[in-house]
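Shown below, as structure tokens, is a lone chain in the form predicted on its own; questions about how it binds or moves come after it.
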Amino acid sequence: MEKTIIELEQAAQTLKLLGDKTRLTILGLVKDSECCVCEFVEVLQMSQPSISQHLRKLRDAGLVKEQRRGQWIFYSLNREHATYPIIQQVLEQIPDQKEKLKALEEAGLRIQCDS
């Protein structure tokens, strides 16, 4: 793997965003799959406006990508972002979030977001 130098300001901004438990959990959820706001609301037990604010910060920083499908917007981790290696290292150190998504699927709550 080729090493790249990340600008200090960009690294600091990414680490600041990762310092919030909710945003860190969101990135953990989109590490291997994409999710929509309604799924984050269910998993995190937070209001939709609150989740949207966290997603806006992650999107504005370029850490997540969004794709609209019908009325739903799906979010995924931006693996092309310059600070992705930092994000990847941090996500390897936290508990895997796949179980939360599996529980949603078993409860039938992931299906509600399909277009």
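Each residue number is its position in the shown sequence, starting from 1. Note that the structure is predicted; figures quoted are calculated from it, not measured.
Same protein, other form: the form predicted in complex with a further copy of the same chain, not shown, and the subject of what follows.
> Quick check for you: of 52-60, 32-40, 83-91, 66-74, which stretch puts a non-hydrogen atom within 4.5 Å of a further copy of the same chain in the predicted complex?
The contacting stretch here is 83-91.
> Please tell me whether any heavy atom belonging to Glu105 falls inside 4.5 Å of a heavy atom of a further copy of the same chain, as the geometry stands in the predicted complex.
No, Glu105 sits far enough from a further copy of the same chain in the predicted complex that none of its heavy atoms falls within 4.5 Å.
> Given that a further copy of the same chain is not shown alongside this chain, does Glu99 nevertheless sit within 4.5 Å of it in the predicted complex, heavy atom to heavy atom?
Close contact is absent here: in the predicted complex, Glu99 is far from a further copy of the same chain, nothing within 4.5 Å, heavy atoms only.
> Taking heavy atoms and a 4.5 Å cut-off, does Leu109 contact a further copy of the same chain in the predicted complex?
Although a further copy of the same chain is absent here, Leu109 would stay clear of it in the predicted complex, with no heavy atoms inside 4.5 Å.
> Output the sequence-ordered list of residues from 7-33 with at least one heavy atom within 4.5 Å of a further copy of the same chain in the predicted complex.
Heavy-atom contacts within 4.5 Å come from Glu7, Leu8, Glu9, Ala11, Ala12, Leu15, Lys16, Leu18, Gly19, Asp20, Lys21, Leu24, Thr25.
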